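What follows is one chain in structure tokens, specifically the form predicted alone.
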Amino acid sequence: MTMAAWLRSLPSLTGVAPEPDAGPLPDAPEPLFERWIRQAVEADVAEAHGATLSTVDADGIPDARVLILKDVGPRGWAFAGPRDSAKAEQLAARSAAALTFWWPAVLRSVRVRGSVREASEEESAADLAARSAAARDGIPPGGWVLWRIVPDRVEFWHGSPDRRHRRTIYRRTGDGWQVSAPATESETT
């Protein structure tokens, strides 16, 4: 069997999707994300706060790695890492990134993209102090950074085994958010 045939034979979208969100959508994406991540944890999704962070290096080459979300709020979606990491170098060169959450057990994904801002030294130090002693070992003062993605777009993807996936998209406007009504993928392609 060829690799392509073998890959195509693997099952996909085998999770159990919760019912689509009923009622009006929140005015901003953060409350909907909080609801979805809590539902993922309640459905026993392991490490639901894990996400893929995508950045671009100084040469325009994309890069990605998995990390842990630290916080979500109106100021942005927080993540952290060493100041001397490739991630830090890439964010210094191009202060934009994307986060992707994938919760297969509940057939949901969230994509966040926008500009990245470095938190204050105090916030970065507090985040480092919250880590275990082993995780802090070897990191000098000022060597840890907390960043926030300030999103301009957040997409909530609700999968379906029949491939009629639903997308709700928040786009930042001058005074808040514009939210699209959930549409099935067949309606948006």
Ligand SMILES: Cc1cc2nc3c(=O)[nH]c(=O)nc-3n(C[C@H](O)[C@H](O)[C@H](O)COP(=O)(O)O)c2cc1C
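Remember, predicted model here, so these are calculated numbers, not experimental data. Residue positions are given as counts along the sequence shown, with the first one as 1.
There is also a form predicted in complex with this ligand; it is not shown, and the following applies to it.
Residue contact with this ligand in the predicted complex: Val56 places no heavy atom within 4.5 Å of it.
Leu67 belongs to the set of residues with a heavy atom inside 4.5 Å of this ligand in the predicted complex.
Contact annotation: Ala97 falls outside 4.5 Å of this ligand in the predicted complex, judged by heavy atom distances. Although the partner is absent here, Val110 lies well away from this ligand in the predicted complex, with no heavy atom inside 4.5 Å. For the residues Asp162, Asp63, Glu121, Glu34, the 4.5 Å heavy atom test against this ligand in the predicted complex is passed only by Asp63. Though this ligand is absent from this view, in the predicted complex it lies within 4.5 Å of a heavy atom of just one residue from Val116, Ala80, Val72, Val106, which is Ala80.
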